[in-house]
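One chain is shown next in C-alpha cells, namely the form predicted alone.
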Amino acid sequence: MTVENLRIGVFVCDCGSNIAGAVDTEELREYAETLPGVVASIRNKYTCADPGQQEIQTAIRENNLNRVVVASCSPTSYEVIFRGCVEGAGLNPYLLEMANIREHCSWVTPGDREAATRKAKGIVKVAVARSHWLYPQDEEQVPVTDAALVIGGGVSGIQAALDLADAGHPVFLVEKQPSIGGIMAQLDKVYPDIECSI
C-alpha cells in the first residue's frame, strides 16, 4: 500500500497527568499531523476510557481511517482494549499500532518537558512508520488434542504420567530403556528407610 492510500489516525492520550504532566501532548498531536499518511490527529484526556474509545471509532468512520496509532500507555495493559475498539468500528484489529509514551517516555524523563516531548515525537514517528507495514490478519483456530506425551520413564516421568492420567488426559509414556524406573530402578536400597527401591 502506498502512502497515498494510507489513512492513518493518531490518538494522543494525556493519561491525566501521567503523560501530560511530562509531555506537551498538544505539541505532540500537532507534530503527528505532519507525518506521512496521517489524516487525523486527536488528543484525549483518557483514551482507554469509553469516551476516548468512542472518539477513536467516530474518527475511523468520519475520516475513513485504515490504520490507527494510539500514543498512550503500555500495550501490555491496553492493546487488547484498543484492538477491540477498532474492530468495533469495522477495522481489522491488526491495523492498530501502539506508541508507548508513558512507560517509555514520560515516566523515564521526569522534570525535562522539552526532552520528554522530543522523545515522544520520536516514538510516535516510529509507530506511524510501522503502521505503514501493517496488514489485516485473521485469527486461526487450531484444534488441540487432549492427549499428553511424557518422554522418560524415570521417577519424574512416571509421576507426571500419573498426574496427567488422574486429571483425565490420555497419556503416552515413552522410555528408551527396556524397563521403566530410571536410575531409581538401579539402586538396591533407598534412604531414609533403607527399603528396596523397586
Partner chain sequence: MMDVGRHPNIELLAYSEVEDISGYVGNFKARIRKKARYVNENECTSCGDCVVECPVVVPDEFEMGLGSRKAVYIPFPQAVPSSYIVNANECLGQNPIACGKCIEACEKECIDFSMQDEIINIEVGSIVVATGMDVYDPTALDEYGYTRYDNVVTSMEFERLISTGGPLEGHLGRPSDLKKPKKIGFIQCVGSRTHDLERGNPYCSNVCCMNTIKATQYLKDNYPEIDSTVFYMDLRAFGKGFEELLMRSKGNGVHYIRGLPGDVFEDQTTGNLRLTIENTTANRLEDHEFDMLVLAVGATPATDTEVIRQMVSLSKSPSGFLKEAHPKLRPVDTPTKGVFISGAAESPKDVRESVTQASAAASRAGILLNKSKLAVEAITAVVDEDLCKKCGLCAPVCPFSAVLWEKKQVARVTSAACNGCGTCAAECKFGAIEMRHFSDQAIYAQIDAMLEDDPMHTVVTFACNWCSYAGADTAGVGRMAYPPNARIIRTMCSGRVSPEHVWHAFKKGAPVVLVSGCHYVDCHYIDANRSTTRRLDGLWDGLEKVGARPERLQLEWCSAAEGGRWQTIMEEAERKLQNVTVEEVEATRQALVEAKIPGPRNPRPKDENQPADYVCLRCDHEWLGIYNSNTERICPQCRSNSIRWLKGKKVPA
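Bear in mind that the values here come from a model prediction, so they are computed numbers and not experimental data. Residue numbers count along the first chain shown, from 1. Rigid core (definition): largest C-alpha set, two forms, superposition within 1.5 Å.
If you look for the form predicted together with the partner chain, you will not find it shown, but the lines that follow are about it.
S.K.: Tell me the stretch among 129-137, 22-30, 60-68, 43-51 that has any heavy atom within 4.5 angstroms of the partner chain in the model of the complex.
M.R.: Answer to the contact question: 129-137.
S.K.: With the partner left out here, check for me: in the model of the complex, does some heavy atom of residue 88 sit within 4.5 Å of the partner chain?
M.R.: It does not: once the partner chain is placed as it appears in the model of the complex, residue 88 has no heavy atom within 4.5 Å of it.
S.K.: Contact between residue 56 and the partner chain in the model of the complex at 4.5 Å, heavy atoms?
M.R.: Judged by the heavy-atom cut-off of 4.5 Å, residue 56 is well away from the partner chain in the model of the complex.
S.K.: So in the model of the complex, does any heavy atom of residue 122 sit within 4.5 Å of the partner chain?
M.R.: Yes - in the model of the complex, heavy atoms of residue 122 and the partner chain come within 4.5 Å of each other.
S.K.: Using the partner position in the model of the complex, report whether residue 145 sits within 4.5 Å of the partner chain, counting heavy atoms only.
M.R.: Result yes; residue 145 sits at the interface with the partner chain in the model of the complex.
S.K.: Which residues, if any, of 64-89 lie within 4.5 Å of the partner chain in the model of the complex when only heavy atoms count?
M.R.: Residues within 4.5 Å: 74, 75, 76, 77, 79, 83.
S.K.: After core superposition, I'd like to know whether residue 21 moves between this form and the one not shown (criterion: C-alpha shift of 2 angstroms or more).
M.R.: Residue 21: C-alpha displaced by less than 2 Å between this form and the one not shown.
S.K.: Would you tell me if residue 169 moves between this form and the one not shown by 2 Å or more at its C-alpha, with the rigid core held superposed?
M.R.: Yes, shifts by 2 Å or more.
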